[in-house]
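Presented below, as structure tokens, is a lone chain in the form predicted alone.
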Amino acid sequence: MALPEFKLVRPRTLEHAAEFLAQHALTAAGDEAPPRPARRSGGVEIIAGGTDLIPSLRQRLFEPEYVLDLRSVPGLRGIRELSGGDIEIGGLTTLREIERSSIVCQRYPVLSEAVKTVASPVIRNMATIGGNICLDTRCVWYNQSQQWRRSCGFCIKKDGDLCHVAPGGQKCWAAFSADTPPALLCLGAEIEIASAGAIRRVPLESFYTGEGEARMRLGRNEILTRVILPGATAGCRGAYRKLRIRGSIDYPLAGVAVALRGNDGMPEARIAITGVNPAPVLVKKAGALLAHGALSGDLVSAAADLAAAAAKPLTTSALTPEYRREMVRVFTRRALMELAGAPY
């Protein structure tokens, strides 16, 4: 499938990129930029690594007038240690760079584990952390060619008004299927967002809307520029488990990230899931439960049940919702027991 026609814009500075978006992107009146809507014809789309954007363009999921290429913008790539022990990762930093980073591997192993599962080495050489955080939601009814989608009458997310996953519903249930965000949620990560004349810093947890269509609180005039990993969560043991049909390339159909601090007594644990909801979800009830005592088999099983209960998979992929939910339970238990040094 050929790419649609568009004008490629290559700004040399972040200021020029933000100014271009301010001039060409549609935003609502008011101080707060609206959530980024589903991709439609016209407007501007941002390209970083292009591993998600290019296939979507070929499928005619959107046909922008402009594509804003950020790869020539300086200062948005690299991993740096900040005062106070925090770590900053530029939004254009490739997943391969993060995978190979000794700082990330030693201090934030849950992120290192998650990055290693993304697609293949070839993709990770191009894909960026900013792009993975902003990854479009996916659905078996949406990620198809234009001809295929037309034969089904389109859907809420693109060109139609029907949700094939939940017929009669007014909500898009396309699943968020990126690997790094659940790991970042476990670490309490924050993100920096830039627009013309303004920069804001928000917790990643508040970035996602829980809607399959307008999936994130990123205005059309804004760019995700940096990820900040707090020093307070450095040193947590971590694990990431992922369900996919093929051992490489595929998106997660269910994913579980776990970060654990402490061995005996009352450990501090954070659990997050992906691939089974319209947004990555931090399972706070499970973390609170595990703070009540040592990691026993019963306590781990109860936490795994809470993680499975937080998963709301529907028929957005080839595997059944029941199987995907059960695998969230299995992965949660395995990850916790492994980090606790106990057989599962």
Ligand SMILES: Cc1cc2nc3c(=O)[nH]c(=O)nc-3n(C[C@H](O)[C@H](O)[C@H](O)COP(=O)(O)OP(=O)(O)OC[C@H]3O[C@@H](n4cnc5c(N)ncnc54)[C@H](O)[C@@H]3O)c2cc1C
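Quick caveat, the model's predicted, so the values are computed rather than measured. Start at 1 and count along the sequence shown; that's the residue number.
Below, we refer to the form predicted together with the ligand, which is not included among the displayed structures.
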Arg270: heavy atom within 4.5 Å of the ligand in the predicted bound form? no
Is Ser195 close to the ligand in the predicted bound form, meaning a heavy atom pair under 4.5 Å apart or at it? no
With a cut-off of 4.5 Å between heavy atoms, is Ile245 one of the residues that contacts the ligand in the predicted bound form? no
Gly43 near the ligand in the predicted bound form, any heavy atom under 4.5 Å? no
Determine which one of 101-109, 154-162, 198-206, 134-142 lies within 4.5 Å of the ligand in the predicted bound form, judging by heavy atom distances; exactly one does. 134-142
Establish, in the predicted bound form, whether Ala48, Asp52 and Leu70 all lie within 4.5 Å of the ligand, using non-hydrogen atoms for the distance. yes
Tell me, out of Leu218, Ile87, Ala189, Cys236, which residue has a non-hydrogen atom within 4.5 angstroms of the ligand in the predicted bound form. Leu218
Please identify the residue among Leu260, Ile223, Cys172, Leu229 with any heavy atom within 4.5 Å of the ligand in the predicted bound form. Ile223
Neighbours of the ligand in the predicted bound form among 162-179 [non-hydrogen atom within 4.5 angstroms]: Ser177, Ala178, Asp179
